[in-house]
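Single chain ahead, by itself, as structure tokens, in the form predicted alone.
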């Protein structure tokens, strides 16, 4: 008889939780669940209650009885858990709005996991994730941590490097979507093709081979251009330069558009910024509508509108990884894990996002050594950038934070980088205890540039007059 499992979902009040519930229901007979704990913070209790009630209706409609326990007591939820899923957002969407608007107010890209905003999401999130890991070591030392929290790769890096915790796998839905889309382009089933991904979270490339081992990457690139292959809901669709892609003979992650099409992406973002409608502000409106839907007492399934939120196939990826570990399936998936020499020119101990075999012992990365000159150069830079961000987040080191800003291709160097760094430190001081000494020094001289950010900080009583 299969051992029933306990699952703890940290960030249980997330709008994504209903999709996760749907996946767990579908996989229950392969992976019986003893109980599911939904964990959130005091400020998130109202949303968590709404999600909890919807989750109960979903499980009731399925005819399967699984206890669901909502709580703000993380330690109770972690006690004897088999799997811990993290999908949290320190500071909520308000923090993301401030990230994006501060960056855009200086005329630079503002995006949740890239550039200045991505750095500060890491700064806010890494210390909390390290706290969670310490609790796991005490309360559920045999559990696997499955992380969906962004920036997923850097969080996985920090947990392994500074938390000395190796039972972690970082996940992202983008590779799964790419597999589906590209198989469809070739009028094939995904299982009739071989996909090889390698790089970093939201910064990877991949190649595709047919069932005879022939490289069909170029074929996909040409068909994608002809048929205007769509991007995820959260990324503006702008065509890559075809000559560049064909020279590289690699298919880039959709997030590469921020790097390969910087000017066009910035122009689009600035238009949205000037209209008071950045992506974070759009997401906040989508979430408000979702939670209105979730309160419908007759709703007992994941609503179609959730797809507008981005993150499609979240439950499929999450459940596939749980099942692969639970049944030691040695399934091939794309995850963030230790490199172990799979990308030869990167540190074997660093974290990469790469095609891997997943089983009871975690992820075994599959070697990939087909990078073009530009991809290899960009990847080397971005990995060092990630290591710099992680160390700065752990130590609260201002100099390292400034180094990370200067290294990132989406951030102009010079005084503008320092200005954005300083404003974001002050704007997020509530969630950056490791930087408090620095913030106290710089805060008197800081004038927040964006009016909406000023208003938000005043409402939180965080802005000194």
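If you're wondering where the values come from, they're calculated on a predicted model, not measured in any experiment. Positions refer to the first chain, counted from 1.
What comes next is about the form predicted together with another copy of the chain, which is not displayed.
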Another copy of the chain in the model of the complex: within 4.5 Å of a heavy atom of each of 247, 332 and 418?
-> yes
Within a 4.5 Å heavy atom cut-off, is residue 223 in contact with another copy of the chain in the model of the complex?
-> no
Answer for residue 374 alone: is it within 4.5 Å of another copy of the chain in the model of the complex, judged on heavy atom distances?
-> yes
Although another copy of the chain is absent from this view, report whether residue 210 comes within 4.5 Å of it in the model of the complex, heavy atoms only.
-> yes
Would you check, heavy atoms only and a 4.5 Å threshold, whether residue 360 touches another copy of the chain in the model of the complex?
-> yes
Answer key: of 134, 181, 300, 384, within 4.5 Å of another copy of the chain in the model of the complex (heavy atoms) is 384
Pick from 227, 274, 288, 328: which has a non-hydrogen atom within 4.5 Å of another copy of the chain in the model of the complex?
-> 328
Hey, of 95 to 103, 69 to 77, 110 to 118, 362 to 370, which bit sits against another copy of the chain in the model of the complex at 4.5 Å between non-hydrogen atoms?
-> 362 to 370
Taking another copy of the chain in the model of the complex, which residues along 159 to 177 bring a heavy atom to within 4.5 Å of it?
-> 162
